[in-house]
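Okay, here we've got a single chain as structure tokens, the form predicted alone, with questions on binding and movement later.
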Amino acid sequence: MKIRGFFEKESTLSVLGSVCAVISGLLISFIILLFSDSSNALAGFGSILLGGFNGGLKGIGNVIFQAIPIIMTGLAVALAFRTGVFNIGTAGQFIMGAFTAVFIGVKWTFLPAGIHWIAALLGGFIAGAVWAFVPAVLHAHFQVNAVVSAIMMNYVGMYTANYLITNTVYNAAKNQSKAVAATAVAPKAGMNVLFPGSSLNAGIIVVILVVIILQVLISKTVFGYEIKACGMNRQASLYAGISAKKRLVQSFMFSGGLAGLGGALAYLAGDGKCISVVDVLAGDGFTGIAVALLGLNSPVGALLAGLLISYLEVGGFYTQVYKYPVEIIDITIAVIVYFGAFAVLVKGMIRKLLQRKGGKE
């Protein structure tokens, strides 16, 4: 009875739904490997499962490094979900935050090393928050669908960033932004010792701090209580004296700020990483949706889900050794997201199964 009671808990059922989504994605990827080349299917699937461990400590460090921006966008989507709004505009917020950080990193060389990269991070956060302001106000005060307005802002953000880059920090020879100054590059903070050879830097420390702050904010503060109340029942929150419109705008802008901070962290990493001037939306913004779904819209869950997706992406890279296209892992992640969206259905099935067994007892 105690075991059944444990599995009937809502949090446990939610975790089981996410686990089922991951297992389903892995099984389908194995089937695709079998149909593509059955002789190497087991070896290729083993590479996916090994993930970052394929490269030892360097590989693990790179898994964490690649997870940094998608964890941030995942946190952004998760926070907006708490208010009952789907922030699908993280791609635009991400790229505007990235541009602002790069602009500060290239132009503000008068700042000392210890302050320069922090100023660039703050600039990225502010740019992302500002970019989220328009869809937030349109939704809160004029009942405009947040999904539609946020998608439109994604494209406006992409083209605006391209225009601003070509007119301010453009490297015409490579069709990309200039590299940020050395003082604006995120410091290693000892990560090069823990994970030698990897690109990991202090960005992961920023991510962990943000996760802790968000967890406390959501669960221990009046602001967190009010945005959850607005997300559960906006009319009831109004009756309780909560300014739903104000909280919606605040949380949506905070969400955009987190996405912008993710863009800043992605392009202040050094190693010559620059923003390419192309007509393509930032993929990290959309991957954040998957992270939020798998992470059950919780800060800690988003952290773990981001690491998992990054782990699978690194593992998918190594499948090329067995002549498989690297896109195989994109299919795997897409399937995980697809099943993750049906986590509620999985929870319902598990609940009914447990209730049926309880009835027999």
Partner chain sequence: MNTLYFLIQQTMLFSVPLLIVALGGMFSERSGVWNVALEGTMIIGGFSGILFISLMQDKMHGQLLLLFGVLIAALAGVVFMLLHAFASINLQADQTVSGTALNMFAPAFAIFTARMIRGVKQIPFDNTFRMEKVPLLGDIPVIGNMFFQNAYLTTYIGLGILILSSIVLFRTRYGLRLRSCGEHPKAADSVGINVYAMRYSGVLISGALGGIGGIVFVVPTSTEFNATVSGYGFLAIAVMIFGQWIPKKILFASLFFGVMKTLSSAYGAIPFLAAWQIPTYFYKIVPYIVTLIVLAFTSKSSKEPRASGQPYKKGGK
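Positions refer to the first chain, counted from 1. Quick caveat: nothing in here was measured; it's all calculated off a predicted structure.
Another form, the form predicted in complex with the partner chain, is not on view; read the next lines as being about it.
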property	result
G56 within 4.5 Å of the partner chain in the predicted bound form, heavy atoms	no
S243 within 4.5 Å of the partner chain in the predicted bound form, heavy atoms	no
V148, heavy atom within 4.5 angstroms of the partner chain in the predicted bound form	yes
Any non-hydrogen atom of V326 within 4.5 angstroms of the partner chain in the predicted bound form	yes
Contact stretch among 114 to 122, 84 to 92, 250 to 258, 203 to 211 - heavy atom within 4.5 Å of the partner chain in the predicted bound form	84 to 92
Listed residue (T160, Q215, Q176, S199) with a non-hydrogen atom within 4.5 angstroms of the partner chain in the predicted bound form	T160
Contacting member of C274, A269, V277, V130, with respect to the partner chain in the predicted bound form [4.5 Å, heavy atom]	V277
Site check I70, E226 and C230: each within 4.5 Å of the partner chain in the predicted bound form by heavy atom	no
Stretch 135 to 158 - residues with a heavy atom within 4.5 Å of the partner chain in the predicted bound form	L138, H141, F142, Q143, V144, N145, V147, V148, S149, I151, M152, M153, Y155, V156
